[in-house]
Structure formats: C-alpha cells, structure tokens
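Shown next are two forms of a single protein chain, provided one at a time as structure tokens under the names structure 1 and structure 2.
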Structure 1
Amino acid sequence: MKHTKRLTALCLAGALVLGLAACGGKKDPESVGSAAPGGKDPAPAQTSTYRQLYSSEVETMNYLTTTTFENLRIPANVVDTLIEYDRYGVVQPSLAESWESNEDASEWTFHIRKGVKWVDKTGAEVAEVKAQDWVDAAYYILDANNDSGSEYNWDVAQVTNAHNYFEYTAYLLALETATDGVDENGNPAKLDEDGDVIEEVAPVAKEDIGVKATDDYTLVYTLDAPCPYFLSMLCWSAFMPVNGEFLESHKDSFGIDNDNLLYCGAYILSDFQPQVQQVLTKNPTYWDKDNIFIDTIQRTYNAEANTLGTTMFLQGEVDEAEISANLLSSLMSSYSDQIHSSRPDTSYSYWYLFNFDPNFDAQYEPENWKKAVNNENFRLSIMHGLDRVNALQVYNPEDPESELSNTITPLAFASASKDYAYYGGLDKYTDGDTFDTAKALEYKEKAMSELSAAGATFPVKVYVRYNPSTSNWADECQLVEQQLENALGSDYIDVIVEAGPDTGFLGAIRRTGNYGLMKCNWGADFSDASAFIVDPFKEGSSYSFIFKSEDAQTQAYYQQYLELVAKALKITDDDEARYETFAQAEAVLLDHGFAIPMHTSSKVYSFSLLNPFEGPYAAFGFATYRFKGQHLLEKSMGMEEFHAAYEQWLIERDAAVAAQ
C-alpha cells in the first residue's frame, strides 16, 4: 500500500521540517535547480565551469566503505541514490521512480528507473543500473572482510539479518588468526590475539539479508521492526548502488581513482590527479541532465587554500572561497556586498561532555575528578557558569549568538506537530540560556560542601583537550578556561587546556577517556528524534562513559534516561508520543548536567558564485554536497541579499511541504 498519513508525518523530520514526496509521484521540474528564491532566474554567468580550491586529498572514493564527508564529496555527485532531496528538503524520486511501504513500515519496495546507465570516466556505457546493484552493495558492505563503517546504518534500520551476517563474517575473519586454547572451564576454544575466547556465531548466508531484487527493476527491503524514517537513510553511502561485476573485477582497487569507479550520477570524474586536480564533467547520459546547469566542476589542490582562497577569488581565479573567522570582520568592511553565510545547517550538533571514566595522567588527578564529575551540583555549576556566546566569537565574531544551540538535538532538525525542541520539557532550554553566573555560584557553594565531605580537594583540575588541526578550537578552549575560572573562581576549579595529537585524535583522546571536559559532536544519518541522543549516550559508547560510573545517583539518572529511550524506540505508530518520550530522555541529560549544548554546524562565511538556497537540502546524508540544480551567478551574494533570499526560501519551503 502507499504511505499512510501517519508515516508521511513521521518522515517530515529534518532540518527546518522536511517534506515527503508522494510515492510514485513525478518529479516537479520546478523543484530542483529552477529559479532562485523569489521566482527570479539567477543571472547566467558566461562560463559553465565552477572553480574551487581544496586542501585535503581524498583517502578513498570507495563509497561502500568510507563514511567521512570529505571522501564522499565526489561519490555524492557521481553516483545517484534511490531518492533525493530538492532545495526545500522535500523527497523526490531519483533512481527509484516510485516506492511504497506496508502498513507498519517494516517492508519497503522500490521501483527502479529503467534505462539508467553505468558509464566509465569517458562516458562510455558499461551496464544498466538494476535492482541487483543495491543487493550487491549490501553484500559487500555487510561483509566484515571489507572493513566498512556503513554497517551501522543497516543496524539502525534493523534490516533483517544485516547485523547477524556482519557478525558471522567477523567471526570467520577472527578464526583466520585464532589460536587453539581453552576457556575458563578448561574446554577447547579458539582464542584471539589477546587470548580472549572467540565466541561461536551461528552461520548466516548473505541471501538471508533482508534486501532482495525480485526482478531487474524491483528492490525490496525487509526490516525486523517498523522504520518510518527509512527513506531519510537512503541519501548516504550505506544505501548506494554498485555494479557487482565491476566491483568483483576491481576488488581492492575499487574507488582508488577515476579508472576504478563507475558513474550513474549527474557528473563523471573525468580527471583525477591527487594533489593536483579533480575535474567533474556533466554526465551526457544522465537521466535528469536537464536539471544540471554547471557543465564542469574544476577542483584544484592547494595546501594553502584556506589562506590564499580569498585573494584568489578577488583576483578572479576561483569562484568560491571560505573566509576564516580572523579575516571576516576586515573583509566585511570592504566586501559586504559579496560575502554571505551558509544556509542554516543542523547536520551536526556539538556539546561539552563530562567524562566519567578518566584515563589521564596522575598529575591531573583522575580520582579527584571522579568525585567531582559524579556530583550533580558540580556539573551544573560548570553548565551555568559557561558563557557560550563568548566562546563562539572565535567562529563568528559578527554574530556569535546566532551560532548557539540550546539542546542536544538541534532546533529545527525534527518536527511532528511542533518542533522536537519543544517536547518533553526541553522548551525551558530552547527558549532560555543556561549561562547564569548567580545560579552557577549557588551550585558551586553546594558542590564545595558536598565534595569536601566526600574527600575531594580544591581546586578541581578540569582537564580540557582539543585537536590542534581543527580551526579555532584552541582559541575556543582558551576562552572557556579564562571565562570559567573568572566566573567560578580559581579556588574552585583549575581549567587545564592541552592539545591532543593532530592525527588519530579520537582514538587517542575521546575513545580512551583521556580528558575531563571536552567538546564532542555527532552527525545525523537520518531524520528522526533518535538521531542525536541515542548512540552517543548508549551503553558501550565512547562518548563520556556515563555507563561506567560507579556512583549510585549518577547511575539512577542514567537508568532513567535508558528506560525512556527504550520506551521511545518502541513507539512507531504515534509521532507525538515518540517525540515526547525522546525529548524526556534528552531532558534527563540536560537537567542533571551530563551535557552542555553549544552549537550546530558553524556558519561558513564565503565568497561564492553559487546561490546557497538553490542546491539540494537535508540535515542528514550528503544531499548538500551535490551540485545538481545549481546555476552560476555573475556576482557573489551579499548578506542583505542573503537574508532576503532566506526569508523567501522559508516561505517557498513551507508551501512545498504543505503541498505534499
């Protein structure tokens, strides 16, 4: 059957409320790559080549294994997905012309567009895109031998036997290097390299995975549980197609360069010279080529792109240049009519986390930190003592308040009858500000009394870490150190800021608990209230390690959070109840000071000959990386034009969503 209204409503989540296209509906030619907001066509440029600089080379273009945005910039433009998002965030048919789900959204059937071709880097046709291409991709992604990070998405979607097959292949892989030994009872067992027993896993055949090509143009996904937001997961690498014969013939070389890829998207990677250039050219066989308005994307490598980009733009050598925060004010004074910010982006959420399993050097007093971090009044004193606007000046000196995010799940990311951030008691955060020096000092007084009785010493050393390769993070930490110590007093805390390694930072610092307080982030892979508050805080997560706390009160709050999450995950037929319950779980984390929300993806100010409201839009996946539907402008938009276009875009978006 077609989607019910309830399923449609649940799929309306996403940044600034995303709409769901009617299943089987035709693509509206005005919905992608048409006029700029306001109904006026952008003035056409004399060239159809868009010139960019880039400073970091891709590690791989094997989109079946990589999950990093930088590695997916090219695949997002050269391989299409089952569905796509238009510039208003409304779902449109893509390689699937139509689709339907069963009553409870546990089975999804897609009807593949006929006549779409896989081509090589010259544009020569190699094969037709067929339903089996998604099945072959699944077999590859879910085989542990291929070291893919995308099996996570299949777990979240609960595709039947996806997890079981991955676990079985991981078990077989472990056996290849296993040694013979005995278990704790003296029984024969296989041991891994650490001497731990390898638990036997029941066999699962790849054909048992819940993805089937019932004929050349019909693809069916079967899930273990209802997943009303399944469509929103499909604009990500985990659910991209691959030609199985080509993949098998190229094996480990798949995706290493443009000779080892096939293309079925808007562009072809016609030239790929690492640390020289990447050239994307319009795919002449593309099924929707009338909505591709830029013929060539010319990306030139320059290790100093962040430094030289603005000068090169002003000299007419490139068509885009991001502006660093330290240059923004000075350039605004001279070029305000050409500088604009990015469209609001809620795809990533950033928050400060307290670490409950400190694994850092004795000089930073990890045992004393354990006492402090398990004290709710201590955590709340930090939360209310942190002037977030002051810290965010390093990213946006022009308008730091606009960067603030008051909840873990960003405002305007998900919505049922109202925005998620107004459910479950979150409204007091959404419409307020946690920074309150008087309140912070009240919590400080209580914390000092309680911690002194517990044997803690003062000042408590607050060990803050940052990645030196991340722009402005060091400056933010320095501001946080100065501001917190001034607000709360050096008799209470001693904030110690220290850089981590610029490579392997997550493995060395966050995942090992080598910090006391640190800003962490999470990106949404799909459109649902669960996207931000489940995985980072679940048992076994490498974020904050709350589950490892031995404090009874901390564990009581954490169990309350877990119970609410478990309850919410089971609600799939009532979007109001689902969002209310997830919000209650998030409120537990905020009410008891386990996390301090900071900001979403920071605004990027730039010179650019692209209209920021014209390209595909979604708060998850890689839709915003696509050039489809975009024209070149003669002149970069200024902030006055930007604000006018944004207001018009909001009006048009609301109309587009209402029309579904």
Structure 2
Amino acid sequence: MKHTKRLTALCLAGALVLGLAACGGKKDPESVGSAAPGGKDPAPAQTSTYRQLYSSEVETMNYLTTTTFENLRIPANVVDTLIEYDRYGVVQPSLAESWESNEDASEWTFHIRKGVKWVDKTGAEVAEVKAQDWVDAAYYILDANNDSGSEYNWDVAQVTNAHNYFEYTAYLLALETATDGVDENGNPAKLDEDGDVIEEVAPVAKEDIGVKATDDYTLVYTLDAPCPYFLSMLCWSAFMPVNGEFLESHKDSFGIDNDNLLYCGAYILSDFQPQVQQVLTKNPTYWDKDNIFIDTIQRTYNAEANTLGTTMFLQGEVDEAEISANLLSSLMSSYSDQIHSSRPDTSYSYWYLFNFDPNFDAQYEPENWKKAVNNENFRLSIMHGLDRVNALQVYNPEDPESELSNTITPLAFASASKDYAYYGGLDKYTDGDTFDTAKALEYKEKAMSELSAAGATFPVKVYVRYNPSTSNWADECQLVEQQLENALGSDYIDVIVEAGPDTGFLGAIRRTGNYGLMKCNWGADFSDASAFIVDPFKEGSSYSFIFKSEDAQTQAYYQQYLELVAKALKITDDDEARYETFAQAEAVLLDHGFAIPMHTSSKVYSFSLLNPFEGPYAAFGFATYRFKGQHLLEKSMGMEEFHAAYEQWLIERDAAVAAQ
C-alpha cells in the first residue's frame, strides 16, 4: 500500500515534468521557430544586409494613431509620404510628383505619382496608391473614436474643419455614455461621468474637412490660415496615406504586425517577431528602387543592447552599435578610427527654465524662490554663472563644446536670408558663450543687495529636478549643482537636486510647477521661426509659468515678448520680417534671463557601417529614420574621416539649399 502510494506520487511528479516539458518543447517551434534560420549567417555576396540591435520593441505600427519615433521607425521605411527630404534636408518629390499652393499659401495641391502600388508582405500587389488614400487617413486620424495622437498636427496646420470634425466626433462619443440632467440654469442638458455639462458641438461632416481628392491623382489641402511651412510637416505620420479598404477590413488589427500593414515605401516588413527580430527587405515594386542600396535590414531585439552592442560589433556580429556616453572615452582611445558621431540634430531644443509659479514643498522655500526668480539680476547671475560646457560633458565627453546650443530656437534649424539665430539681436548669443564668472559675480552682488532689501533670505534654495529614467540627466544635475555653487558661492545659492518619479514625470513635476530651475525641452513639428519660441512660453503653457508672475517688471518683459510674437505670427508674406520679429521676441527672453539655452538632441556616437551623411536629413518628422539612399561601407567611419566629410557636407548643403 505504502509502496503504491509513493509510486503514484513519483509518477505524478514525473508526469508533471514530462508533460510540461513536452508541451513546452512541442509548441515552441510552431509558434516562433518558423524563422529560426537566417540572422547570424553571413549574407550572400550579391545582396547586402545591415544588421543592428534594438532594445525597444514597437507597441504598434498603426502609424495613424501612434506618435513615438520608436513605433514609427518601421512605418517610415515601409510607407512613403507626399514629400521627402534628401541628404541635405531639401524637400524632394516622393509620392507627390509636384505641388503648388495658392498665393497666400492656404491651399495646397499635390499631384500624386502614378503607378505606385500598395503591396502586402510578400510583395504581391494589392491596390494602387491614389489621392483618396490621404483623405481616408485624415478621416481616420480626425475621428475621435480612433484616439489618434496625430490630431495635434492637423490643428497646428489649421486644416479647415479638421479640429471641428474631431470635436464633433468627440462630442458624439461623449453622448454615448452621457446621462440626462440639468445645467446650472435648470435647463435640461447631457452630463458626463463627473456630472459636468457636455457642451453641444455643431455637426461637421467629414466631407467638409479641408482635404479632398479631386481626382485619383490630385490631392488638395485647404487651410484656415496661410501656412508657408506646410510642406515641412508632411514627412510625418499625421500626413501618411493609407488604403481605405484595407483599413476598413483590418480596423482593430491595423498595424499590429506585418500581415496587417500595406507597403508602398522602400522596404517591406517581411518578418516581424516581437522581442525577436524585425526584417526589412527591399520592396521590388518601389517607384524609386534605384536609390535603395541595402537589400535587407536585419534588426535583432536585445533588451540590453546598450550593454552588449559594442562587444557584438567588435566581434562582427552586428553592423551598428550606439555608444553610450559613459563608454565613449574608453572606446575612443582604442577605436577612434571606427567611431563617428551623427550629424547635428536640431529636432529638440533644451533649455533651463526658471519657474515663476513655484509649487513645491515648504522646506525648499517657494516664497523665497518667488522673490529671487522675479529679480532679473538673480536670473542673469545664474545664466552667466552656469558653465554649460562642463555640464555637457556627460553627453559628450569627447567634444562637449560641439553640443552647445546658444538660442532657444537652435542654430541651423530655420533660415530666411540668413540663419534665424542671427536675426533680431540673437547674434551675440549665437557667437558667444554666456558663461562668464566675473559677470555672474557682478550680477550676484546686485541681486544680493536688491533681494536683501526685498526681504529674501540667503542662500536661495535652487530646487532642481530631473527624471531618473532619462539617461545622463542625473549626472548632468550633479555637475551643474557643484559647478554653480562653486562659481556663485554657497552663501548665495544652495542648489538642491532631487529626482522626480520616472512614471508620470511631466505631470508630477513640470506641469504642476514642482521645480525651481529645470531643463525643459520642446520638439519642432515644422520648419519655421515659430516652431520653438511660441508654444512653451505662451499664456496657459505648462513650462515656466511666466504669465503667472505677479511682479510688475517680469510682467512688463513678458508683455513685450507676447506683443512681438503676436506681431510676428501675423507676418506671413515676408520671411525676413517674420524671422526678425520672432528673433526679437526670443531675444527678450534671453536678455532678461528667462531661459538658459543648453543643447539640442545630443549627437549619437556609434560604430556603424553606414555613412552618416547619406541618409535623409531633417529636423522634423522621421526622415532621419529612413534607410533610403544609404550604402553599406566596408568599415565604420572614424572621427577624422567624419570631420572631413562633415565639412564637405556643409558646403554641399549650403549649395543645395541655395539652389532650392
């Protein structure tokens, strides 16, 4: 009896192990093993394969709703846009062969390239690309039911009725869950979950949206206001085409994998295994296939790509490895002939901002901070006391000076007859460095006497916040803290650095004003002088809350800025004057120390068998994510070659821009 019992038990344990092992072993090759071969094997001689690691898997490839670069990396390569950027950042025809706008740039007509096909993941033709595809995409994006993040861009471009249609669909959606009730005047009304009255919205038909296909190959956008920079917004997901029928039939699954996408771009996503690999193969039907030089892009997932990448590159297992800043110097000492940086990237601009509506813990003395921050000399003392190059070492220990950005709208971002950064009194910032200890100490003296009179206490607590999940930001804050306190004296300021939460950082810190001094950023959506200088500083923005300042002097400066911006926004026919006025507005902010420009998107150093100058170049949209036009090199470019090629590229670029 005892014996049998034990036997049963052992059998049970054994069966459990075997059963699970068997099911594990069996299921496995079926579900994921289909694409086991490939990858590591060296590519046959006639085709070129570019192998890279990636550490962040796409969440969705539905380019009509998602807005993150990570998710759009594949769509950017598999679906083309109306226009594209060449390697110098000049707009070139893509799916639109040509275009024209009316006189005040409020109506844009695009002539769609004929014979471009939508194909599936095997390369089989599904449909032709027609003007209606952009209209269908618009209907989808602007329908509140689809919860797209791209509605914003249509708003910015002020496409006729785009926003109204969105608001109307949102209203219809709200009505679905609404309850009957009465408003404050006792009239019957619809109430939402929180019991608030839902405002009625006038009906808008989707046909009224300012995007129309007048025939199969003519697409017209109608805008509410002149928008001379409309073209620059088009190389981005918000203005990508989609085949309406396919979208309709794949509704909820559109973009979840490579079966649920159609391709009309340079590549086809031939294999997509989340957390394993993404394989892009050249689209044989691509309209411009002569400019595609890499046949296959083999992307392999690894969550620790940053830690393993360089080792794998040096072993020849991958063709690219980004080098994080903390490894750069060490690797540079042995591999300077193989490491190069990326081209300057002005898509994001970072500046330190002073918070005028401090909303933080009493122990950091928000009232005292309020007094200090409204004192111009105090702000200027920090502006001139901050050694930015010192702080930038954490991003680029090799060449921190090259990371400096001296204006809110970065240099080489936009230009009329000259670069924006040289208009309206910005040249003194562009060609100089604000760091000047002597000047800073002078301002400190003045600030100290003025602030003492105003009843402020010293040292002023400067409450600096950062997001611990943003790489290197913590290190930067440590450098800034020690450098500022050394330069200005700990009798004057006491810099307190504190990490914010890594989830919900913006909401918890910046938007609620839970900081004193913090590095903030803004990304451009289009090419214009207004791209950086308007939104983060306008009234009601959630950046530095200058508009909430009760100080007369601060308000006077701010009004001056607002007036200049308002004036500049109205100038749509004269680039020269528009740039000049925007630059003047920016100069007001800089002259009175409301912002301290730091850097743009940091350069990325890497080992890579791609020529960094061949790919498309632009400061907005996803042009830089495209592999179009790039060749595979024998050997990764070194820094010396890079500098030479960069000089050459700048010259060619000036020529290309001038010829435009």
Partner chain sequence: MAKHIFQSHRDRVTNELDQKLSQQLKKELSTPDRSSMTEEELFSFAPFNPDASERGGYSNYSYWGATIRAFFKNKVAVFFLLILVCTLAFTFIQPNLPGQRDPILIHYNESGRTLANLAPGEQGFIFGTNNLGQDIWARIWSGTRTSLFIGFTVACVEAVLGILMGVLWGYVRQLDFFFTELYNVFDNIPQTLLLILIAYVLNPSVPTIIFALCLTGWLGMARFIRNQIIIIRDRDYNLASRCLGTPTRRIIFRNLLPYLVSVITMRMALAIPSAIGNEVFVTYIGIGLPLEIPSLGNLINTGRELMTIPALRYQLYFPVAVLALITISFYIIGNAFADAADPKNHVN
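What we label the rigid core is the largest C-alpha set whose atoms superpose within 1.5 Å from one form to the other. Residue indices: 1-based, along structure 1. Since the model is a prediction, treat every value here as computed from it, not as a measurement.
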{"query": "Pair member which, unlike the other, is the form predicted together with the partner chain", "finding": "2"}
{"query": "Large Cα move at residue 623 between structures 1 and 2, threshold 2 Å, rigid core", "finding": "no"}
{"query": "Large Cα shift (2 Å or above) at residue 385 between structures 1 and 2, core-fitted", "finding": "yes"}
{"query": "Threshold 2 Å Cα movement between structures 1 and 2 at residue 515, rigid core reference", "finding": "yes"}
{"query": "Cα displacement of residue 493 between structures 1 and 2, once the rigid core is superposed (Å)", "finding": "4.6"}
